[in-house]
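First, one chain by itself in structure tokens, the form predicted on its own.
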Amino acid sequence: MHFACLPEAKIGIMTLPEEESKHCVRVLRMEVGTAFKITNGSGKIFDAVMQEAHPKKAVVALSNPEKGYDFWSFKLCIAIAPTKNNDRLEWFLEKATEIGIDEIFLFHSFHSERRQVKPERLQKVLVAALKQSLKSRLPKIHDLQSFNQFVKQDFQGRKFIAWIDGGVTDLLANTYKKGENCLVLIGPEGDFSPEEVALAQINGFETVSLGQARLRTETAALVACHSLQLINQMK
């Protein structure tokens, strides 16, 4: 079943934006009468039928809104320093959306090699992953900010900082408890500086390990995301 995204989706006749229209008509080759699904990215999935297969302003009829399957009782957030190679950050965004994540925070720190991102491009990656994995909720991605600004923000739940250090032996999977809201901080390729870790701890972050393997930034972020989802799905 084909999937499209329309944030303002509601029951009735609606026109898709140009980019979504082009994808439906040119790429998916939908015709008048084609049935598919549309999500609003906020938890609802609608039945859709193509009314006018126009590549710039396709018209659809929406009905039967249903709650998506991708709801959970906890909040899962990952904060990640953008990688030098932007493709690696986009890979993380795609896979984390497939696995299931609520919010993604971007920050730059002492060892960061990338201090600029293209928000529009990253949003497109999230939307594409949402549609591919048939999700109903689009993860929220926040603007890039400094590490010092980020760690001082309030968060209602457990806060962890994954740090590669011989003195850090507590595993995230053993420290985190099922059902807890959780925010995991993942550093850049050069890891966090000791001063940054100290600042994070002052602001309520707990140091944890993701295991013995030395992981790249995007891999570490995905391991954290998957571990938390898996723990919460276990009986």
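Note that the structure is a prediction, hence the values are computed from the model and not measured. Numbers follow the displayed sequence, beginning with 1. Superpose the two forms; the largest set of C-alphas matching within 1.5 Å is the rigid core.
As for the form predicted together with another copy of the chain, it is not shown, yet the points below apply to it.
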Answer with one of 150, 74, 155, 91: the residue that has a non-hydrogen atom within 4.5 Å of another copy of the chain in the predicted bound form. 91
Exactly one of 145, 123, 86, 133 comes within 4.5 Å of another copy of the chain in the predicted bound form through a heavy atom, and that residue is 133
Interface segment, criterion being heavy atoms within 4.5 Å of another copy of the chain in the predicted bound form, picked from 192-200, 22-30, 206-214, 38-46: 206-214
For this chain shown on its own, do 69, 98 and 174 all sit within 4.5 Å of another copy of the chain in the predicted bound form, going by heavy atoms? yes
Is residue 227 close enough to another copy of the chain in the predicted bound form to count, meaning some heavy atom within 4.5 Å? yes
Taking the shortest heavy atom distance, is residue 16 within 4.5 Å of another copy of the chain in the predicted bound form? no
Would residue 9 sit within 4.5 Å of another copy of the chain in the predicted bound form, counting heavy atoms only? no
Has the Cα of residue 113 moved 2 Å or more between the shown form and the other one, judged after a core fit? no
Would you say whether residue 165 is displaced between the shown form and the other one, judging by a C-alpha shift of 2 Å or more on the superposed rigid core? yes
